[in-house]
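This document starts with one chain, in the form predicted alone, laid out as structure tokens.
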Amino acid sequence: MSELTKEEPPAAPAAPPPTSVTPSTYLKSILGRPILVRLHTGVTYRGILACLDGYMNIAMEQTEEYGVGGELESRYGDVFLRGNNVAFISGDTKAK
């Protein structure tokens, strides 16, 4: 009787190393840089991230406010956005 040989399945590729970027470290990395903030109402703010706290309260400089339709509504020097109104924060890739 012939012996059946069991072949080992090919080894699975190694998983990529886990990234150490957390939301907190990402936000710290974009301090002083252009950001885009969308509120739950659909209004968008673009400006420079001055600071933020653990409640996601955001202070911005050189800020522009865009309406729900995307049209420029106002320009402000400094803006403070309360964290519970924020839908998301993103680095602004289309900065001025």
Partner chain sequence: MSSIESPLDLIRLSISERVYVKLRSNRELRGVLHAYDQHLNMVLGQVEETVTSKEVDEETDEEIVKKSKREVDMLFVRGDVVILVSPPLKST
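What you see is a predicted model; the values in this text were computed from it and never measured. Positions refer to the first chain, counted from 1.
Missing here is the form predicted together with its partner chain; even so, the following discussion is about that form.
> Would residue 27 show up as a contact with its partner chain in the predicted bound form if we use heavy atoms at 4.5 Å?
Residue-level check for residue 27: no, no contact with its partner chain.
> Just to confirm, residue 84 within 4.5 Å of its partner chain in the predicted bound form by heavy atoms?
Because a heavy atom of residue 84 falls inside 4.5 Å of its partner chain in the predicted bound form, the answer is yes.
> Applying a 4.5 Å heavy atom distance criterion, does residue 58 contact its partner chain in the predicted bound form?
Residue 58: yes, in contact with its partner chain in the predicted bound form.
> Would you check, heavy atoms only and a 4.5 Å threshold, whether residue 77 touches its partner chain in the predicted bound form?
Yes.
> Any residue of 45-61 with a heavy atom within 4.5 Å of its partner chain in the predicted bound form counts; write them all down in order.
Heavy-atom contacts to its partner chain in the predicted bound form: 45, 50, 51, 52, 53, 57, 58, 59, 61.
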